[in-house]
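Take a look at this single chain in structure tokens; it is the form predicted alone.
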Amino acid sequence: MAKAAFIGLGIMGYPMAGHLIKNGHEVTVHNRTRSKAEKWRGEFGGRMAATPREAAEGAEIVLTCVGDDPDVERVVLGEDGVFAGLGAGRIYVDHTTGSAELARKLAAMGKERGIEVVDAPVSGGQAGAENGALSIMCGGEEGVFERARPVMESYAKACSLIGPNGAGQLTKMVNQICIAGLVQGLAEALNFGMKAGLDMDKVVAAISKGAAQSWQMENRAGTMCKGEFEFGFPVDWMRKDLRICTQEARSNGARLPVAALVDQFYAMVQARKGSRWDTSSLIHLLMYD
């Protein structure tokens, strides 16, 4: 069992850190809002620290799950950051969905300090985090990954090393590009079926075992047809992820016409005060034009 620190107790990090405790790891947490850390400690036990540096001191592995690149830099770098407290030979794992550029930068800075770094964004949403069934895509050295994997498997159903540092973040971009097109296609199909007067429960049951099947259909079709979106992965976060995808595409020359279009649709959802709605809310633009 590892002596671990977990930083960032949002809708993903809160249950992920809880699974570490349930799997027998010794855990210290830090969160920017102290009351959230106090609530977590009341529910799971463990310790809480006033700063990321304090959380990292004495830890064998530190894991973060925050919002965006600037948030990662804030908790990792500087006098009160993770790197200031984490000892040489220890491991830093970042579960934040961010840029491959930052992942490589942190790996290089970590190496200067003798700290091993793994970029390890996750997929599976809030439900996956709560059920300990996330998919984790990692970038880093194989030996370091193998040391970190038993800890990450506390909340994962799949944990894969894709390649060197940055590869995990690039794989998450592939994931988000897929999701953007899938959700828009599902929204259009469901809206079409409802306009045609079909019994959508029967339609989804009929097509969900064939070529049209997807996680989005299995888990979101019912709520999409009902116009329910107050849960899940927020539109704001998806737009952040698509921004990162677009920036990387400009760098590597990839074309993302559908992802760019869907991003603009999400901007329209935001204009309808749907910033915190689940990404499946794309259908709102079709149902209520």
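A residue's number is simply how far along the shown sequence it sits, counting from 1. Keep in mind that this is a model prediction, so the values were computed, not measured. For clarity, a rigid core is taken as the largest C-alpha set superposing within 1.5 Å between two forms.
Another form, the form predicted together with a further copy of the same chain, is not on view; read the next lines as being about it.
Only one segment in the set 88-96, 106-114, 155-163, 75-83 has residues whose heavy atoms sit within 4.5 Å of a further copy of the same chain in the predicted complex; it is 155-163. At the 4.5 Å threshold, heavy atoms of R255 reach a further copy of the same chain in the predicted complex.
Although the partner is absent here, E60 is not a contact residue: none of its heavy atoms lies within 4.5 angstroms of a further copy of the same chain in the predicted complex. a further copy of the same chain in the predicted complex is approached by A206, whose closest heavy atom lies within 4.5 angstroms of it.
Remark: D69 does not count among the residues lining a further copy of the same chain in the predicted complex, judged by a heavy atom distance of 4.5 Å or less. This chain lacks the partner; the member of M173, A129, A148, V122 within 4.5 angstroms of a further copy of the same chain in the predicted complex by a non-hydrogen atom is M173. Contact annotation for 206-220: residues with any non-hydrogen atom within 4.5 angstroms of a further copy of the same chain in the predicted complex are A206, I207, K209, G210, A211, A212, Q213, S214, W215, Q216, M217, listed in sequence order. When the rigid core is held fixed, the Cα atom of A88 travels less than 2 angstroms between the shown form and the other one. Taking 2 Å as the criterion, L198 counts as shifted between the shown form and the other one: its C-alpha moves by at least this amount when the rigid core is aligned.
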